[in-house]
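One chain is shown next in structure tokens, namely the form predicted on its own.
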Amino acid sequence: MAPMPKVHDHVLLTLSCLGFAGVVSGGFMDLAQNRLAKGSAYSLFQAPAFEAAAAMAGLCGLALLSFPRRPKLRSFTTILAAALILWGSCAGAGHFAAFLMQTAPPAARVSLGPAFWILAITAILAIADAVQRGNFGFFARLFIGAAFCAGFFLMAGTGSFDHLSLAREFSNNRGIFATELLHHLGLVGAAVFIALMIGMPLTVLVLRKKAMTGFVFAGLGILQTIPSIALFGVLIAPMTKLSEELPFLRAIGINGTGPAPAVVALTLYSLLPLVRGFYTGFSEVAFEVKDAATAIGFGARQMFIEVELPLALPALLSGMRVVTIQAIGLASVAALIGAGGLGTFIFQGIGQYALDLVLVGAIPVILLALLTNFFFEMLLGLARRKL
């Protein structure tokens, strides 16, 4: 009896099994008579044959690619197989939605089912794993990301997704989407900037005054444990009182609801990971390195710029990555207190029992977090290369 082939990539095998399980057990598309009614599920095997075959071929490719020994070749071919899954899933969903809507009433909605999302997640995770294992350089990663984004936007621009409920919800809210996206980015940017302005002096304090380390981190830790909704709510009363006592604050838009308390809350949440990351980065600079720099005549300023900062930069960027991604997610909750942002669509969709409207806000938040992580990964790679 021939021995079983050895699995050299258990991640790919697990992802392919996840994809197959999703296809077999979950509906690929869901057709409902309106946005509130419960729909009927359709499997991937009922989708257009060519696109369904492409998605299944990509899944089979992932399973087979878990056996070869050569990691570099496996990484390249994994990206191709994952691209086939993504194309088959997206194109199949668009064409299937158009077919289902031909005989459906005007108010009907065609939504993406669990099988579609499982296939998409499987493909994305496979691509991320292949890029990491293949040690692709900065420009190779940038090209891969840009190619997939260009393909998606090309399909969207040619109307491939127009009959999907998600696309219709986006079209209905197109007029305010850009505004809410800018509000979201503004909240994140303001919070991270203010956290940097506060976090850097705090880092200097805990580095120079070791007795203050426990007090500072304990205080920031307490702030971190407060639930986000509770912190937003707690800030309403004091900021309302402050705006009443100081009319010029109310004149510039600072009051108990809106962007001001949201930025304050996001800033408070950002301080602990930021200060801890900065503290760790500078603390781990070896004493021998600083001693050698002092011996050859480096002053305090030159020591910081040419020795401490470059060596601590990876830890600083890691802290910034955590803070920024955390702020992107928490800024969604700020919609509850009138701060705007992508959370507006999420909570409107929850209130209207419209899942696709929820996704109009949730998907961009996820994409923003992924793009931010990708951006900081690139910066970290450049920073470590220079060490």
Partner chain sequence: MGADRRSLIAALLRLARQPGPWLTVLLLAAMFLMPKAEPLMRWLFPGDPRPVYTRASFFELTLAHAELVAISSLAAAAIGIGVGIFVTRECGREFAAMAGAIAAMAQTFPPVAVLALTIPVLGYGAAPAIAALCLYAIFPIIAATVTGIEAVPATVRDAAMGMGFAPRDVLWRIELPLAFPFILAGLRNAVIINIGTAAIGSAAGALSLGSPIIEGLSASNPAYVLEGASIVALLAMAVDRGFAWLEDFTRPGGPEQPG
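Throughout, rigid core stands for the largest set of C-alpha atoms superposing within 1.5 Å between the two forms. What you see is a predicted model; the values in this text were computed from it and never measured. Positions refer to the first chain, counted from 1.
Another form, the form predicted together with the partner chain, is not on view; read the next lines as being about it.
Taken together, 132, 353 and 370 are fully in contact with the partner chain in the predicted complex: each brings a heavy atom within 4.5 Å. Partner proximity in the predicted complex, defined as non-hydrogen atoms within 4.5 angstroms of the partner chain, places exactly one of 279 to 287, 223 to 231, 308 to 316, 171 to 179 at the interface: 223 to 231. Here is the short version: of 68, 329, 26, 48, the single residue with a heavy atom within 4.5 Å of the partner chain in the predicted complex is 329.
With the partner omitted here, the residue from 31, 320, 337, 54 that has a non-hydrogen atom within 4.5 angstroms of the partner chain in the predicted complex is 337. Although the partner is absent here, residue 21 sits far enough away that none of its heavy atoms falls within 4.5 Å of the partner chain in the predicted complex.
Shown alone here, residue 379 lies farther than 4.5 Å from the partner chain in the predicted complex, counting heavy atoms only. Contact between residue 237 and the partner chain in the predicted complex is found at the 4.5 Å heavy atom cutoff.
Not displayed here, the partner chain is kept clear of residue 60 by more than 4.5 Å at the level of heavy atoms in the predicted complex.
Residues of 75 to 108 that come within 4.5 Å of the partner chain in the predicted complex, judged by any heavy atom, do not exist; none qualify.
The two forms, fitted on the rigid core, differ between this form and the one not shown by less than 2 Å at the CA of residue 191. Relative to the superposed core, residue 378 shifts its CA atom by less than 2 Å between this form and the one not shown. If you fit the rigid core between this form and the one not shown, you'll see the Cα of residue 132 move by 2 angstroms or more.
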